[in-house]
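The chain below stands alone, shown as structure tokens; this is the form predicted on its own.
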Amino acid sequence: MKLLTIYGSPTPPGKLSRALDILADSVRSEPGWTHERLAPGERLSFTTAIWPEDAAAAVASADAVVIGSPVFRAAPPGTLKLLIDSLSVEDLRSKPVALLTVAAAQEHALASERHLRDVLAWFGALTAPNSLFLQDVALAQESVDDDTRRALGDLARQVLRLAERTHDLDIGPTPLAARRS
């Protein structure tokens, strides 16, 4: 089975990427699981980057997804929204998705998560019950502390177990987005 981690930032890899790397390390020890990273390609501005042409296919082929998002003005960045807007309902419907948010201020702990949970519900994604918020200072040092590493591993295991238990299930009801005529 395959876990896809999404680097949802238009900026060059930094603290969020480091967190996703640590999370991916924990997946490598899970029998039967592989890991792939999806990141935007060409950067257009400080706030926008373009996703690879096969980005939607990468999401569709994953058995589980971890969306890594920074917080830009109390919301996920527009680059991440561009990816989400390119997906079909079938790409995320009944798919386990975990949320990882990294921000400078603790006050932003739920900002990006709340927006993403609403959008994922529209797709009928199976959003993992526990998300993870990290202040960027936890990832700023050369050595990341054991509690942060453990939390990232726990987030990965949560979405992997959810995927294993719901694999090939179409969990209803049909989301509103799929009922449009």
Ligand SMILES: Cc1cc2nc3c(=O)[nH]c(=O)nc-3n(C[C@H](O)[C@H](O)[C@H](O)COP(=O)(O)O)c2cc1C
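All residue numbers refer to positions in the sequence shown, first residue = 1. Just so it is clear, the structure is predicted and the values come from calculations on it, not from any experiment.
Only in words, not in the display: the form predicted together with this ligand, which the text now covers.
Residues placing heavy atoms within 4.5 Å of this ligand in the predicted complex fall in a single listed stretch, namely 44-52, out of 118-126, 44-52, 147-155, 25-33. Interface residue remark: L99 is not counted as part of the site for this ligand in the predicted complex, having no heavy atom within 4.5 Å. At a distance threshold of 4.5 angstroms between non-hydrogen atoms, L80 is out of contact with this ligand in the predicted complex. This ligand is not drawn, but in the predicted complex it has a heavy atom within 4.5 Å of A103. The closest heavy atom approach of L162 to this ligand in the predicted complex falls outside 4.5 Å. Residues T11, K15 and R73 are all found to lie within 4.5 Å of this ligand in the predicted complex, as judged by heavy atom distances.
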